[in-house]
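First, one chain by itself in structure tokens, the form predicted on its own.
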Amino acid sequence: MQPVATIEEALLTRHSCRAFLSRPVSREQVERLLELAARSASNSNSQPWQVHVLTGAAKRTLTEELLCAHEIRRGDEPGEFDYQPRPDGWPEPFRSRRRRFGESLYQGALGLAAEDTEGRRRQHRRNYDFFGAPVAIILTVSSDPLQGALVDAGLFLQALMLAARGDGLHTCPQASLIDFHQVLRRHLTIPDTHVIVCGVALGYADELHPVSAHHTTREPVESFATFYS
């Protein structure tokens, strides 16, 4: 939980945290992180992002309705996405990378067998309580123009996660929240002209939880970089 001192350390220690302590994070601390994230570059300085921060009773109320929606849907039907492809719409090599990620998380870190459908569903359900984090953030961007705004949203999101590491905090960006965008819109003041990008869990990591040992790998530079001279 110690703050990190360099950008390199923040990048190397950032991971999608899926187990948080109940230790609170102050509003002042969250505001400072958002202030830093807002230094992100954006197209023509358009700054198309908005964030909705929930703690305490507001977070509990949202979580209750998200969990209820998840139970009704049973978690096995594709969601309706504003911009992201459905699970069966990922081509290679992305489909295989997603499969390897799922295997390393569920079977590796959590010891859940492939046939343990209920155990996997219980773990997925934790998304909707933001993995116990005391702070829940919903990130949205203007849909005009959507493609450019999504790039800007990614820059803002990365800056927020790295700033959090600088304060000794951890995060988990959560695309799963957009499965129930109707629920989010009922609880939050999201303009009709905005698209919900993702949720973000923010807090102090529970380092003793088995899932905290889960870290994903990265493709080598030579697999995605082309150099010209």
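One rule holds for the numbers: they count along the sequence shown, beginning at 1. All values derive from a computational prediction rather than experimental measurement.
The next section is about a form of this same protein that is not shown, the form predicted together with a small molecule.
None of 172, 169, 160, 66 but one reaches within 4.5 angstroms of the small molecule in the predicted complex through a heavy atom, and that residue is 172.
Shown alone here, residue 94 lies farther than 4.5 Å from the small molecule in the predicted complex, counting heavy atoms only.
A residue is said to contact a partner when one of its heavy atoms sits within 4.5 Å of a partner heavy atom; residue 101 meets this definition for the small molecule in the predicted complex.
Within this chain, residue 127 lines the site of the small molecule in the predicted complex, having a heavy atom no more than 4.5 Å away. Taking non-hydrogen atoms only, residue 14 approaches the small molecule to within 4.5 angstroms in the predicted complex. If you check the small molecule in the predicted complex, you find a heavy atom from every one of 131, 176 and 218 within 4.5 Å.
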